[in-house]
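A lone chain, given as structure tokens: the form predicted alone.
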């Protein structure tokens, strides 16, 4: 692995359908994405994460796959994909894509054959039962749409297992042929030059009686096999785990550095939102202290928002009720155990708050992921079905259809945002690129600064004692370098005294303005922070060492 590139990378998540339409059919496509690679490079992105690119009926925005070995025709062809990889690599951009392991579409040929012929080898590609009460400890994930993890199949004359939508039958990973099929899929795409995968829904691959059918040991055995297969045949490829679990259950997905290279830190994300509403640092401190150490060659991925709802699965009932009350007072904003909103609407379009959240994201341990459109503050449409409201067309300029497509507006796969506060005439890439003080240019500058200091991506975090719970303070340590990070979680100015006696003799250098503060002494260090203000200091012993 080339210097563990993923540990310092900034990731950008996008749906090809939503990004740029090159042929004016109302759907984004690969050629459209290629035309915008320079934009992503300019923003400071290192790796693009593509949502599912495969042929699909589209009942779950591509996560219902009916062919693992091709490109969704709405997006283009395999030749287009090869050109995307080439163009991205020419710009030193890497590309990973969703690998949907757990389930497929009920329109996939494997399921069509398997349900119609019990003697077919494909029948055993799926999990069947005569009893819909089997595996009773397994929770229902999509509680708004599903009443059971089993669905009756008339053709087969029995029930099939699904952890998500009923039109997405789970694959039977107890079957070695299924395990081999997934290896073949991985080989196919890595041979085309893909740089790795974000593996979807990995906790649910295996089932066993007497368990909740999550995080089973056999799951980790198989995932280690996949990692070994990749390591033995490819260089510089990564696996990123989507495992929405409590911290103690997340740790095993790294193995001994021989399972996933990266994993999302799902429990941290809602607690960042919780902390600024409560104006209290305890939620962040508690969850990070609860987070296990991970192998040196592994990395967390952190995020503020993504293509799904703001998930509250890894929250207590009390925390979940609090989040609903504060962030989803309109019932339409709720979905399953989460909140279907984009970043800026969640934060009331308060740019001090938005900057604070991004500053914390870029300083907390892990590699950050930016969701497309959040870099310009796009809004959402909570009245579109399911999670479509946070998957609307990218807003490039103030032309028709936000510059996304030249088709008639009625042909768009989803309407552009026209609500007054987030109208594409006001919120778009072109206008923000031309405004030095825009959210886009601010974030671009923040990414440049983050890359200047490797300690921000690789440093070990240590919390600091202070006299003010409204302020989150910690220092990062990496190769005998230190960085002090202080964040005001409150809507009012806050003073804070921080115990820094271990850094006596150092001078804090504020990294954004390159301003030196007075030397740290024996007594508590005093700082004053504006509402939602923050400081990130590089600690130096004297000016000559800068």
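All of these numbers come straight from a predicted model, not from anything done at the bench. Positions refer to the first chain, counted from 1.
The same protein also has a form predicted in complex with a small molecule, omitted here; what follows describes it.
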| field | Contact of residue 108 with the small molecule in the model of the complex (heavy atom, 4.5 Å) | value | no
| query | How about residue 242: is it within 4.5 Å of the small molecule in the model of the complex, going by heavy atoms? | reply | yes
| message | Taking the small molecule as it sits in the model of the complex, is residue 469 in contact with it (heavy atom to heavy atom, 4.5 Å or less)? | response | no
| said: Against the small molecule in the model of the complex, would residue 46 count as a contact residue? Criterion: heavy atoms within 4.5 Å. | reply: no
| task | Given the small molecule in the model of the complex, answer whether the residues 353, 380 and 438 all have a heavy atom inside 4.5 Å of it. | result | no
| request: Note which of 142, 222, 254, 122 lies within 4.5 Å of the small molecule in the model of the complex, where distance is taken over heavy atoms; exactly one does. | output: 142
| note | With the partner omitted here, the residue among 74, 200, 214, 195 that in the model of the complex has a heavy atom within 4.5 Å of the small molecule is 200
| request: Choose from 425-433, 81-89, 444-452, 164-172 the stretch whose residues reach within 4.5 Å of the small molecule in the model of the complex, heavy atoms counted. | output: 164-172
